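Here's a solo chain for you in structure tokens, the form predicted alone.
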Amino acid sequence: MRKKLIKCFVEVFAVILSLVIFGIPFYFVILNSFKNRTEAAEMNISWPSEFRIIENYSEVLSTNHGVVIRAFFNSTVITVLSLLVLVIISSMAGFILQRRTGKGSNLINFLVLTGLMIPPAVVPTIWVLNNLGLFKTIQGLVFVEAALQFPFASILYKGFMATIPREIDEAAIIDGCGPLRLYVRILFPLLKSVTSTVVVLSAVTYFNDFVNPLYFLPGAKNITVQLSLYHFTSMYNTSWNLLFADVVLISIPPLILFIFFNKKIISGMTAGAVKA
């Protein structure tokens, strides 16, 4: 009985602590997005004298000929294309890293791990993209985003691939499957849970990315959702009510992803933990 009470107390305390840490800042942002410019600049959690919900959000969406809508379109395109490249390349790499064991496998695994530890170099990356004609293009940013998430995704695929029996590979090869057909027709459909994890976590990272679009995709037409926050700030004055309204709009897509795919994220992260 005592253990049950302690467990219940810990769970209630964890819920309350989570609400304090995550709920109060979110409440602060939403509440100030409903205020007028003067009241939002006071930075408090008092209720507004009048709710300007429709006015603020309409102004955000119509500012500078719909720059926020264009930013949502650009971020969506970058996120979708980056996910396609990432899932295809990292799943193939995870398949090879787990199934092929040779003299160079340890070196390759070490190089993949270094990708998690060594930070990206901005200037050399810009130089490479510029020489390839990909600087200031969505395609160039897609390759950069996919490359940065590749080590994490390939390690997840490698760990999950270890739970798939090698007998499946052998049976498919006996039936006449080549390496590419074995991967596409047999193994990739078995990677749904870990693919869901990679897609959700990487989609949130890509959609919320601020630094990489700032460095590798400059230009007014190439604006993304995080860079759209600049349109409501200036050196001398900031429209905090519009800035907070933009933050709320930006937070909706990742929030929806986490609500609907929360269980898949956990199952995909732990699937290869036993036999990795």
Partner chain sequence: MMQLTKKIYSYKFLLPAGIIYFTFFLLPTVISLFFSLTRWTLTDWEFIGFENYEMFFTESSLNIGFRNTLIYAVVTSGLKVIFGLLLGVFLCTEIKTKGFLRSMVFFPNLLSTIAVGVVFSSMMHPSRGIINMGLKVLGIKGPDWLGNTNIALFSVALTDVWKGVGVATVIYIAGIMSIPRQYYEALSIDGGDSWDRFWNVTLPLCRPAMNSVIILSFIGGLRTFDLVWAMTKGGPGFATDLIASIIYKQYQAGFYGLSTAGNVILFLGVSILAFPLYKYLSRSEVDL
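Only a predicted model underlies this, so the values are computations on that prediction, with no experimental measurement involved. Positions refer to the first chain, counted from 1. Take the two forms, superpose them, and find the largest set of C-alpha atoms that agree within 1.5 Å; that set is the rigid core.
Keep in mind that the form predicted in complex with the partner chain is missing from the display, and what follows is about it.
Participant: Between V77, A171, A147, L84, only one gets a heavy atom within 4.5 angstroms of the partner chain in the predicted bound form; which residue is that?
Facilitator: Only one option qualifies, and that one is A147.
Participant: Is it the case that W127, even though its partner is missing from this view, gets within 4.5 Å of the partner chain in the predicted bound form, heavy atoms only?
Facilitator: Looking in the predicted bound form, residue contacts with the partner chain include W127, since a heavy atom lies within 4.5 Å.
Participant: Whether I155 contacts the partner chain in the predicted bound form should be assessed with a 4.5 Å heavy atom distance threshold; does it?
Facilitator: Answer no; every heavy atom of I155 is more than 4.5 Å from the partner chain in the predicted bound form.
Participant: At 4.5 Å between heavy atoms, is G159 in contact with the partner chain in the predicted bound form?
Facilitator: Close contact is absent here: in the predicted bound form, G159 is far from the partner chain, nothing within 4.5 Å, heavy atoms only.
Participant: Is L31 part of the interface with the partner chain in the predicted bound form - any heavy atom within 4.5 Å?
Facilitator: Outside the cut-off, so no.
Participant: Since the partner is left out here, which residues of 4-26 would have a heavy atom within 4.5 Å of the partner chain in the predicted bound form?
Facilitator: The stretch 4-26, when checked against the partner chain in the predicted bound form, contributes E11, A14, V15, S18, L19, I21, F22, G23, I24, P25, F26 at the 4.5 Å heavy-atom cut-off.
Participant: Is the shift of I252 between this form and the one not shown large enough to count as movement, that is, does its C-alpha move by 2 Å or more after the core is superposed?
Facilitator: No, because once the rigid core is superposed, the C-alpha of I252 moves less than 2 Å between this form and the one not shown.
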